[in-house]
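Form predicted alone, single chain, as structure tokens, below.
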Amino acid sequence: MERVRLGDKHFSLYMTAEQIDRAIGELADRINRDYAGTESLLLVGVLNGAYMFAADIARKINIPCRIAFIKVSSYDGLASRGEIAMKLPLCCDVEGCDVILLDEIVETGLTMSWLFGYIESMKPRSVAAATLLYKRCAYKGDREIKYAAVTMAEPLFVVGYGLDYNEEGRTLKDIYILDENGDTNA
């Protein structure tokens, strides 16, 4: 099995680039059907992690849309800090728009719940969430995750395709999971 090392941790292959592309294509098809005819679709990618997912899904959405980015943070290493820090606010008008929040992964839902409130305060017509990976087993949020490309059955720590471990691994084309004994002495 293919493995990568990031810092003092080993990670094993979870999804190939081809599997990721197929899952995003299926998700984009759902969005295309659900938003057919809309004239005000705005995709909002959550930086840093969602940059690859946002670019790939935007290219597969075949209805007119705009794309913007926001940067928030709640993680440090392997764990969430439990609070959201705004790093870069959204710099576009969302009033009257159909907004789809794009995040590469939804785990506890803390970030996504905060983002829903932030966007809703700007008076959009609607707000929905789309994610590449959804850790439903760890989700504690109060908002529906309407569009999930892959629902993870276990709360695995993942890197690659925008996901990081201490800012490493984002540029990997595949997604990897932390080995159970993920230290380099294994």
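The first residue of the sequence shown is number 1, and the count goes up from there. This one's a predicted model, so the numbers in the text were calculated from it and none came from an experiment.
Omitted from view is the form predicted together with a small molecule, to which the following refers.
J.: Which one, 119-127, 61-69, 36-44, 151-159, holds residues whose non-hydrogen atoms are within 4.5 Å of the small molecule in the predicted bound form?
T.: Correct option: 151-159.
J.: Let me test this: is every residue among Ser74, Glu107 and Leu163 within 4.5 Å of the small molecule in the predicted bound form, going by heavy atom positions?
T.: Looking in the predicted bound form, the three residues Ser74, Glu107 and Leu163 all sit within 4.5 Å of the small molecule (heavy atoms).
J.: My question is simply whether Lys135 lines the interface with the small molecule in the predicted bound form - judged by any non-hydrogen atom within 4.5 Å.
T.: Lys135 belongs to the contact set for the small molecule.
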